[in-house]
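First, one chain by itself in structure tokens, the form predicted on its own.
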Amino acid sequence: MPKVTVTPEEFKIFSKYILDISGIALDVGKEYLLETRLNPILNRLEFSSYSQLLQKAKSDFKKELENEIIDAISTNETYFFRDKSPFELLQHKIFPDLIDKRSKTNAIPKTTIRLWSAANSTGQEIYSIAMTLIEMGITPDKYNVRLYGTDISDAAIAYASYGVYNKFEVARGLDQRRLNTYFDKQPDDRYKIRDNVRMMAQFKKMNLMKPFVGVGKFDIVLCRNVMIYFTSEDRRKIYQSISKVLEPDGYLLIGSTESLVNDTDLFASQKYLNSVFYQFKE
């Protein structure tokens, strides 16, 4: 079917709808993104306009179409060990420091480490962290490790939970040693994450614009390469919410090209080698 073009008025109304349901801000100039992500849905439903799609989504009380739209719009770029430096920072600085501090204060036999990957997408970040921990000898038999991955997309959470990746996905960020160590080859050139890695992670749907209810406290929060999709006001709200679930001596990691300067004054930047992390200001 031919590509359906969004009109300026439709884009204005539809981008407001997407902002309301997901917090994702589509500024003028992102019409191409809307069309690229949503045209397959229009073609499947045989709609000739975005107005029809919006009307159908709003009248769907089961919110199945709304969730499909969120899945399509929120699909983000991700791969194993993305940017490398955060994982080196975790390995050489943050995890050793945390274990040293927690082992002195924990009353239970196993030292507890709780990490949250917000906007986890399809799971590569969490599984990369799990591999890093295993290679450090920080395994569930010795430590109380809790890795949480959340995303607004139902499809992304299902994909992460299943833990099966195609040849292209494992080629991005994984060397042959890690591929052989942590994955089992499946039919059709697919690779399934092994159970000892999979068991370390839990995945859950979560909208960062909604209250963080029942998530508990975390030693480390990763919120990387996602804030560009939110308005400045919403970024401030999200960082405020993150501050409430981060331990007083916890660590916040954001994307290598991102900054907190205009969004929050709650955290101070710290440098280690070529990496930057954030902790509460004293």
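One rule holds for the numbers: they count along the sequence shown, beginning at 1. No experiment lies behind these values; they were computed from the predicted model shown.
Keep in mind the form predicted in complex with a small molecule is missing from the figure; the text below concerns it.
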Inset, instruction - Tell me, out of 99, 170, 197, 209, which residue has a non-hydrogen atom within 4.5 angstroms of the small molecule in the model of the complex. - result: 209
Legend entry - Residue among 201, 119, 115, 90 with a heavy atom within 4.5 Å of the small molecule in the model of the complex: 119
Legend entry - Location of the small molecule contact in the model of the complex, chosen stretch of 127 to 135, 189 to 197, 173 to 181, 148 to 156 [non-hydrogen atom, 4.5 Å]: 148 to 156
Inset, instruction - Tell me, yes or no, whether residue 229 is in contact with the small molecule in the model of the complex, where a contact means a heavy atom of each within 4.5 Å. - result: yes
Inset, instruction - Using a 4.5 Å heavy atom cut-off, state whether residue 77 contacts the small molecule in the model of the complex. - result: yes
Legend entry - the small molecule contact at residue 237 in the model of the complex, heavy atom, 4.5 Å: no
Inset, instruction - Find out whether any non-hydrogen atom of residue 224 is located within 4.5 angstroms of the small molecule in the model of the complex, and reply yes or no. - result: yes
